[in-house]
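Here's a solo chain for you in structure tokens, the form predicted on its own.
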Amino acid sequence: MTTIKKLKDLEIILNKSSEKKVLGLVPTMGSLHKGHISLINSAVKLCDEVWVSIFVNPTQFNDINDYKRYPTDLRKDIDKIKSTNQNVNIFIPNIDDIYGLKIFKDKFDFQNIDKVLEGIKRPGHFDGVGTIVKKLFEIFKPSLVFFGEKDFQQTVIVQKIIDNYFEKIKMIVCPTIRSKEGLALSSRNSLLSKHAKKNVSVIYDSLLFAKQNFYKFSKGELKKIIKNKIEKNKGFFLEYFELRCSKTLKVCSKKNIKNCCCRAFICVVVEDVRLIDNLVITNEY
């Protein structure tokens, strides 16, 4: 295991690496959990050399308070990676290494996929994601990159970055890892109280209900039922529930279901923490 904190040191190591190696990159913002570990394990299986980056990227936060309260514990993160596989390398850059003297984010044309779902409540978020992803891909020049299905809209954004700038990179989207309550694992889950964690199963249960009853109820009826299910829990607020095409993120319905893989997207705010999740509803084309 190699742990690098300076970009110039990383560049020396990467320049010495064999061009024939399959290099895998797992970009993270730290506060690692079993979902991240599943990405690392997938990378180890498919790659000759694996790097995990840990960097809380300021440009993808549209709320400064969200940035300040984002959970971090580098010592625990390093220990988790080490206990998973001692051959995995870690890059922990500082802001100056990534952005230089001025923190900025690039502007991308994501063809409006950044203007729906998370993009509505988090303006500029995906430009920030695109900025850091592009920088990391330029630094590492990886063969494979690994992202989680939980942040599905993000994977669509990353694929746009790959298609436009990095034709030699392939993205591997790994399945969502869940807690025993069914909650999609996320670093922000650690901000929830014990009381909230007892009731979060309603989020995944709502997605399963949508899958099981897609043909029984109209989209409006489904959303109303799900909203009632969720908001009967004190402090739970449904920010959105939408049915969209997995490929284009355009709205899907029973009328156009044969032309898209329909996926349900949900965001529930609990104790000021935004919990997102998604589930394939039907694979029909």
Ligand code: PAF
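Heads up: residue numbers just count along the shown sequence, starting at 1. Since the structure is predicted, the reported quantities are computational estimates derived from the model, not experimental observations.
Omitted from view is the form predicted together with pantoate (PAF), to which the following refers.
Three-residue candidate spot Met29, Asn57 and Val129; every residue lies within 4.5 angstroms of pantoate (PAF) in the predicted complex by at least one non-hydrogen atom.
Between 164 to 172, 151 to 159, 178 to 186, 199 to 207, the stretch whose residues reach within 4.5 angstroms of pantoate (PAF) in the predicted complex through a non-hydrogen atom is 151 to 159.
The partner is absent here, but in the predicted complex a heavy atom of Phe147, alone among Phe214, Phe147, Phe108, Phe140, sits within 4.5 Å of pantoate (PAF).
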